[in-house]
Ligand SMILES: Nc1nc2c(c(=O)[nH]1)N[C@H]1C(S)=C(S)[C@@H](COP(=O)(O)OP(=O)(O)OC[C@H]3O[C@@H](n4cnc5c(=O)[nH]c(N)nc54)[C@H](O)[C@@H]3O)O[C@H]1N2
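Single chain ahead, written as structure tokens, the form predicted on its own.
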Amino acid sequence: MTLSTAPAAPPGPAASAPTHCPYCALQCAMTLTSTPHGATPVTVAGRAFPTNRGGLCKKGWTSAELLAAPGRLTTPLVREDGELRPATWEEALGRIVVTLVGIRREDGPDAVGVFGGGGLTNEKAYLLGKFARLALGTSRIDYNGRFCMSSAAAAGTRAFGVDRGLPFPVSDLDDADTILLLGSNVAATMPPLLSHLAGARAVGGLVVVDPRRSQTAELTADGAGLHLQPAPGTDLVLLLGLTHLVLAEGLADLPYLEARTSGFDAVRRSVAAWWPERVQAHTGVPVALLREVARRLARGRGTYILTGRGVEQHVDGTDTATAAINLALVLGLPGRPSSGYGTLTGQGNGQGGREHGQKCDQLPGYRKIADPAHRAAVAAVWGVDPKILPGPGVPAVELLGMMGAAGGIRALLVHGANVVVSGPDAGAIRAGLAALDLLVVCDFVLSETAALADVVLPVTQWAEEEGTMTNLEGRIIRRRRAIDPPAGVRSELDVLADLARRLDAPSTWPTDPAAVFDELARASAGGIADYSGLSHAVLDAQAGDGVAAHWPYPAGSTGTPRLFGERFGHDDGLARLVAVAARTAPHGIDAGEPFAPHAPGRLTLTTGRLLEHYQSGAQTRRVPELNAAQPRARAELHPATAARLGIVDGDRIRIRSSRGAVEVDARLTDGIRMDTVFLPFHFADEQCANLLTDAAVDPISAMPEFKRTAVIVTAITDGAEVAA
């Protein structure tokens, strides 16, 4: 077998590097200019690009501060006598290998788990999946994209045969006159996207569905659109009702349905029972507003339906996303010019991160690990016998639930995730991490998960590395190195290759990002997400930094910015309408909960994001400007609800579920329903929203139920909880 030796020296940083923001999947373009004697190592300037047009949000403008954040890890840490202490790389990697070899010898390779992240570059995600299957031999790998994209991915795959968040460039939205946006607060999560909504707003065509009057919902004021405020967890009923109205009022595109879809009759029957008055009773959305929205969608010259996590992070999230797709198909939108359906990916590489092998059932190119032909194709690139590849693993929540369990996993390697904050039922995750024989975390700061580790490995940040990302449009872009990493810090590509060598893994283990990408491209050839016509050199040569590099991009291609113009991804070229049913019996937060529906203080908790923070907050809580603006979690309550519970604005309150409790400040706003409380999920410890959420998951996508949790809210006075 051929093994890599010392990593090739990476090219030195340029004085000015065109790159992309380290945060969300919009992947706004920016230029970093070295400032050796400045307060930060680089300065940030917005750069013209189709997604952001030179604009950046607060997080983007302050991203350089991450590079000089206090507490930057520059040496490995190992746990000794209960405390983390500095160690050499040789000691840290040696401890990992000895422990892993012992665990695998005693309990087999599946006793070792790997947890990846949607912020890893394509190269890292690819090599991490290869490392799990070849160096560890484990099937137990999944990633945090399971928490924020999997329901939309599952729905898109079964409807279209392809999962690409937006099957069109985001700039296509510019010409829309109607945009239905469900479960996404883009004004807070990806503000530069708002420029693409301006045309719809100008003609009163922005329709926002959200239980809160979020910053995005506020954009519908003064005639710019409509805000629908359904009860949390009722989006599926809402979508079934809108489809019912489109059919009942003769607004469906019947020629399109006949020519381009299958399954319409079953969907027509499935929505028949959801007449407007019944939908109003379940959702709280008035009949008149339902009719207005259905008619607006049908008469729009350019109509788009976009979904986000708010409709997907439920135990019926896949069915809800499917209902949105059904509505789009009944209207004849997907594949048409100036119309379409899409979903807004959240994490920076949420799209690419699920395409190339860190998802439990997938191999590079969006191939299925259970498919013999797919296994053979990838094994040939790796130079191994397909028989040595493990089969499908288990999704993230199940994987984390196996920590410390009999026959479960004894070791976990975490890359690009902060699971003790971001995972559901965070208290149980913390207990599971404590039960492991070995927890290894690669990070550049001591996140809450890294603080619990047995070994912490310091790795490079975004501006210190080369690579690629795939944004929400399926556009492959270049991340470029602007500065050198601190002494002692290594790339995760180097770390994985070194561990693979020490574990005597088969295949080759390149550490140069361009070489890793070339291997990824070969492994993806012929797959759904085909990158085989691309390389770092090709992307660098493209005007606009990969501006046209939408996958699939097979050899000889010029990319595919718009999918579905002539056919969908299924063998027959047709889209599938899939009938789904709303659950009217108690489920999710209601089944088995200890709180009676009318108990004092009983509300429905929904979680989400703030403008100033990102994901678990491990990065943004270390940026002074962002943290000063939002230093702690605040729970949003309606003033009438707060008055009933004896709570005034700014009070300290306790929120309890059957899994845990948090203590936060109250923020009163009439922009939230009276039966709902909102809590951001960026904070840790006693403010961690996921101490409250349940590990119940969607049966198809395995996405957790983050958006609907039964809680009791009470005031705290002088340290004592006050009964409502």
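Predicted model only: the values in this text are computed from it and were never measured. Counting begins at 1, following the sequence as shown.
Keep in mind the form predicted in complex with the named molecule is missing from the figure; the text below concerns it.
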- line: With a 4.5 Å heavy atom cut-off to the named molecule in the predicted complex, the contacting stretch among 258-266, 342-350, 527-535, 564-572 is 342-350
- prompt: Does Leu84 reach the named molecule in the predicted complex if we count a contact as any heavy atom within 4.5 Å?
  reply: no
- prompt: Taking 4.5 angstroms as the cut-off for heavy atoms, does Asp210 touch the named molecule in the predicted complex?
  reply: yes
- prompt: Is Tyr614 a contact residue for the named molecule in the predicted complex, using a 4.5 Å heavy atom cut-off?
  reply: yes
- prompt: Counting only non-hydrogen atoms and a 4.5 angstroms cut-off, does Phe444 reach the named molecule in the predicted complex?
  reply: yes
field: Selected contact from Val315, Ala453, Ala154, Leu610, since only one has a non-hydrogen atom within 4.5 angstroms of the named molecule in the predicted complex
entry: Leu610
- prompt: If you check Ser139, Ser214, Gln362, Thr178 against the named molecule in the predicted complex, which one has a heavy atom within 4.5 Å?
  reply: Ser214
field: Stretch 658-683 - residues with a heavy atom within 4.5 Å of the named molecule in the predicted complex
entry: Phe678, Phe681, His682
